[in-house]
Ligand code: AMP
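Okay, here we've got a single chain as structure tokens, the form predicted alone, with questions on binding and movement later.
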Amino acid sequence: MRKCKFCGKETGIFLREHRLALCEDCYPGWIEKQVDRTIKKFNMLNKDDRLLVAVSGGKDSLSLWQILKKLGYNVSGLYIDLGIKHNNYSELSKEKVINFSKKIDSSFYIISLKDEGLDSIDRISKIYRKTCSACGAIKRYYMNKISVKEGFNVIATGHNMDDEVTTLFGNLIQWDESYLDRQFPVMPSGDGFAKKVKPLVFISEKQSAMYALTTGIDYIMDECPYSKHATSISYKENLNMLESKHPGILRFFLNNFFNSKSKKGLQIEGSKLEIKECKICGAPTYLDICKVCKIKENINR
């Protein structure tokens, strides 16, 4: 058994990439400091910001909600009820969010796709082959809509390091320059879009799970049933194999990408397309009619 670096207790927690042993009591504080360091490194937040955290009921988003609250930020949650009936997924996720909001004494909002005329992701999946793409557009739409309506100036999401490295790898494989230009832990506000930040960008999925475990966060452990066959899952599995053989290589890869962009001033690059107002709902969009309104039209035909 190794001993905790900070208190000397024997512990089974060892972070190979950091060559660091921590006990269950010291581990949460270390994670919170890492997140705080990331926030400061990228100048993500100020104490007078009003933050809206997109929460799914999973370990990453609930952990982020708690960490931001502990760090002293004015933060509320947003749960988007996707209406997924498989294994009662959406209802169980919503229950986790409601219970957790009470635990940390934080306000939250719920948006139901059914109430918004979108029925459910179950219905949308029968029309759109790329269900995850449609779902992502819907989530981004309502995160932005609620932030504008309720006066939040920053949206925070629980994307962890594994998520971000997988996205980067996928964009490099496809050499998608438009996405590579925009991939950064901070997306500035502008043209009707709220500022977006990813404070967990250097926290691995395993570290996030351990944080949830050591702080008693009750989260839904099932993955979204529509993500099981996504290409990104295969990418993530192979990248994790690489990390197991070379601890720290994913952080090294991601950090170098971000540092390169920072030096060249590329983190503020966005789409060169003109931002318009959706002719139906008025939301900012690159098209005459936004993707969410298009989805509504298709499912209600």
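Don't overthink the numbering: it's just position in the shown sequence, from 1. Owing to the predicted nature of the structure, the values given are computational and were not obtained by experimental measurement.
The form predicted in complex with this ligand exists for this protein as well; it is not shown, and the discussion that follows is about that form.
Undergrad: Which residue, V75, L82, V165, I203, is the contact with this ligand in the predicted complex, using a 4.5 Å heavy atom cutoff?
TA: Result of the distance check: L82.
Undergrad: Name the residue from V35, C26, A54, L250 that puts a heavy atom within 4.5 Å of this ligand in the predicted complex.
TA: Comparing distances to this ligand in the predicted complex, the residue within 4.5 Å is A54.
Undergrad: Taking any heavy atom pair closer than or equal to 4.5 Å as contact, tell me whether T157 reaches this ligand in the predicted complex.
TA: Close contact exists here: in the predicted complex, T157 approaches this ligand to within 4.5 Å, heavy atoms only.
Undergrad: If we define contact as a non-hydrogen atom of the residue within 4.5 angstroms of the partner, is M161 a contact of this ligand in the predicted complex?
TA: Judged by the heavy-atom cut-off of 4.5 Å, M161 is well away from this ligand in the predicted complex.
Undergrad: Would you classify K196 as touching this ligand in the predicted complex, given a 4.5 Å non-hydrogen atom cut-off?
TA: It does not: once this ligand is placed as it appears in the predicted complex, K196 has no heavy atom within 4.5 Å of it.
Undergrad: According to a 4.5 angstroms non-hydrogen atom cut-off, is S63 in contact with this ligand in the predicted complex?
TA: Close contact is absent here: in the predicted complex, S63 is far from this ligand, nothing within 4.5 Å, heavy atoms only.
Undergrad: Given a 4.5 Å cut-off on heavy atoms, tell me which of 173-181, 186-194, 210-218, 138-146 is the interface stretch with this ligand in the predicted complex.
TA: Of the options given, it is 138-146.
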